[in-house]
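Given next, in structure tokens, is a single chain: the form predicted on its own.
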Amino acid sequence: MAFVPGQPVTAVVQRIEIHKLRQGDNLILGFSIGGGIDQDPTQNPFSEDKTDKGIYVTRVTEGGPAEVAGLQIGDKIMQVNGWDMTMVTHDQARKRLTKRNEEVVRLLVTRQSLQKAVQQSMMS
């Protein structure tokens, strides 16, 4: 999915709701992220054209809240609880995901398989 700064983003998205797991004083999501506007997009294994500075899921803990909710490695996070995540730094994304007062995280994600399925259905 090519992204041009300042231009509207068209994407097929999926809603995912993650209920954080409480471990002592911590709330666990069960996934890690990579990317951000302050990161080198050529190092992003999920960016097809190596220019995408979006936030991507890089790891999902087996049996954790994110896996149970349906999050997958390679998913691009477009929104977190209504906040736009298409032009944020890595640290801004991490802080938005780990807010202490939020026990539920509602994501809008897009993934390659969703995009391809829609493209194929439009051609047939």
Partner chain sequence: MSAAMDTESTYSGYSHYSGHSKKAHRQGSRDRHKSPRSKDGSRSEKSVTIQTPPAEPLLGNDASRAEEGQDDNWGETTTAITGTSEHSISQEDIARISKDLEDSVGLDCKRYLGLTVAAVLGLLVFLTPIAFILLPQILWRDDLEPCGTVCEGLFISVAFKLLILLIGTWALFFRQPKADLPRVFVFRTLLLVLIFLFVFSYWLFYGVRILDSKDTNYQGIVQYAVSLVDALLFIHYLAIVLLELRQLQPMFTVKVVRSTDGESRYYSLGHLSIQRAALVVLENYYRDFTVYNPALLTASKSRAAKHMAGLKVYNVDGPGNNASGQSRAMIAAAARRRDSSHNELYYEEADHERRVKKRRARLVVAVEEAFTHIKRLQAEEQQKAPGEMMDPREAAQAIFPSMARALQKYLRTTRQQQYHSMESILQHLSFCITNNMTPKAFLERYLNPGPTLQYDRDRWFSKQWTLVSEEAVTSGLQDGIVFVLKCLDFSLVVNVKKIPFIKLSEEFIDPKSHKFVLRLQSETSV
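Positions refer to the first chain, counted from 1. Source: prediction; values computed, not measured.
Missing here is the form predicted together with the partner chain; even so, the following discussion is about that form.
Though the partner is left out of this view, residue 84 does not reach within 4.5 Å of the partner chain in the predicted bound form, counting heavy atoms only.
At a distance threshold of 4.5 angstroms between non-hydrogen atoms, residue 49 is out of contact with the partner chain in the predicted bound form. The closest non-hydrogen atom of residue 80 lies beyond 4.5 Å of the partner chain in the predicted bound form. Mapping the unseen interface onto this chain, residue 88 falls outside it, with no heavy atom inside 4.5 Å of the partner chain in the predicted bound form. Contact with the partner chain in the predicted bound form, judged by any heavy atom within 4.5 Å, is made by just one of 74, 64, 34, 70: 34.
Using a 4.5 Å heavy atom cutoff, none of 14, 19 and 110 lies near the partner chain in the predicted bound form. Heavy atoms closer than or equal to 4.5 Å to the partner chain in the predicted bound form belong, across 44-63, to the residues 44, 58, 59, ordered by sequence position.
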